[in-house]
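Presented as C-alpha cells, the chain that follows is alone, the form predicted on its own.
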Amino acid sequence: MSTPVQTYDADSGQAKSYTLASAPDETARQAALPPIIQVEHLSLFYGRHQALNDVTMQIPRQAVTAFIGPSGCGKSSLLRCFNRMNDFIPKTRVTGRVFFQNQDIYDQQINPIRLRRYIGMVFQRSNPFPQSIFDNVAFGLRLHRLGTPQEIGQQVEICLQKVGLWEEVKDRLKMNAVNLSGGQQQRLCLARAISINPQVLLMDEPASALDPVATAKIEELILNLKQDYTIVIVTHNMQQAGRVSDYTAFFYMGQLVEFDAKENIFSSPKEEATEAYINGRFG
C-alpha cells in the first residue's frame, strides 16, 4: 500500500508530496522531512580553549535528538550555539556555519533575540521568574506582543495544559512561581518556553535535578511535545536518551564521534569509542 508523504523542497521552499512503497516507521517519516538545523564545520572557542572541533551534523525535524557523552565533551556548548546563547560569554568565537530554516544564524543581519523566538530553551536547573505563575507563562507573549490580554490568558491556559500543570495550579495562578516544587517549576519553564510557539526546543539536562517521579513526567512531556516541536536534549543519562530520543549523537573531547538513529547507536554503533561509552568502559 502506498502512503502519501509531504516534504519540502529546500531550493524552492515549496511543499511537495510523494508516496512510499509501504507505510514508513517513525524514523522514515522524520527522514523524509528536511533537517531543521544544519551544522557545517562548526568550531567553538572560549578564549584560547577550544570546546568544539569541526562539528558537522543535521538535526531532524519533529524528532527528539539526544546529545550524550562525558562531562566537558561539548554537548551543552553545541546546544547553546543553536540559539546563540554563547554570545553572552566573553571572548567566545565561532567558526563554521549553523543554518536554521536555511538561514545562517551567525549572519550579521540575524537578530539573536528574534532567533530565540523560534528556538526556545529549557535549562538544567529550573529558573522561574520571581513572579506569579501566570506572569511567567505570559512573559514571552507580552514581550513579543503576541495577542490581546484575553488571547494571552487563553494561551497561558493552553500551555499549562500541554505540560500537565493546569489542574495543579489553575486556582493559584497569582502565586509566586518560586513556591512550586522543583518538578512543577521545570514544567512551568517548559510552558513558558512553548508559549510563543517556537519551532525548536533545546533542553539542557532538564531532569538532572529532579526526583524519579518528576523525571518521568518530563520524559512523558518530551514524547508528547515532539509532535509539535523539534527537540534537542543534552543528557548524561543514557537510559533517558534511550527512552526519549529518535536520534542520538555521541560527543567526546569536543568532537562529534557518531550520530545515528537511536537503535543503531545503542545496539550496533560503528565507532569503537561509542561502543566503549555505551557499555560503560569510560565516562
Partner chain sequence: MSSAYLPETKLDLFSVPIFSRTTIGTAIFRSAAFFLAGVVFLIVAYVLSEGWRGLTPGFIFTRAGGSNGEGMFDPEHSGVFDMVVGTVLLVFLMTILVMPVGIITGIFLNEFADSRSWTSRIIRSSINNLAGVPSIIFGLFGLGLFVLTIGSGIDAYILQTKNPVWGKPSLIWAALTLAVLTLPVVVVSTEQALRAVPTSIRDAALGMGATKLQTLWKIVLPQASAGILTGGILAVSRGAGEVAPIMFTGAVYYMKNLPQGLTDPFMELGYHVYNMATQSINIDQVRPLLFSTVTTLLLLTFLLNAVAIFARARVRRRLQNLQHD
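Everything quoted here is computed from the prediction, not taken from an experiment. Positions refer to the first chain, counted from 1.
Beyond what is shown, the protein has a form predicted in complex with the partner chain; the following relates to that form.
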query: Residue contact check: residue 174 to the partner chain in the model of the complex, 4.5 Å heavy atom; finding: yes
query: Partner proximity in the model of the complex: residue 187 to the partner chain, non-hydrogen atom cutoff 4.5 Å; finding: no
query: Proximity of residue 143 to the partner chain in the model of the complex, heavy atoms at 4.5 Å; finding: yes
query: Partner contact for residue 130 in the model of the complex: the partner chain, 4.5 angstroms, heavy atom; finding: yes
query: The partner chain in the model of the complex: contacted by all of 91, 123 and 196, heavy atom 4.5 Å; finding: yes
query: Interface residue in the model of the complex among 180, 165, 119, 207, criterion: non-hydrogen atom within 4.5 angstroms of the partner chain; finding: 119
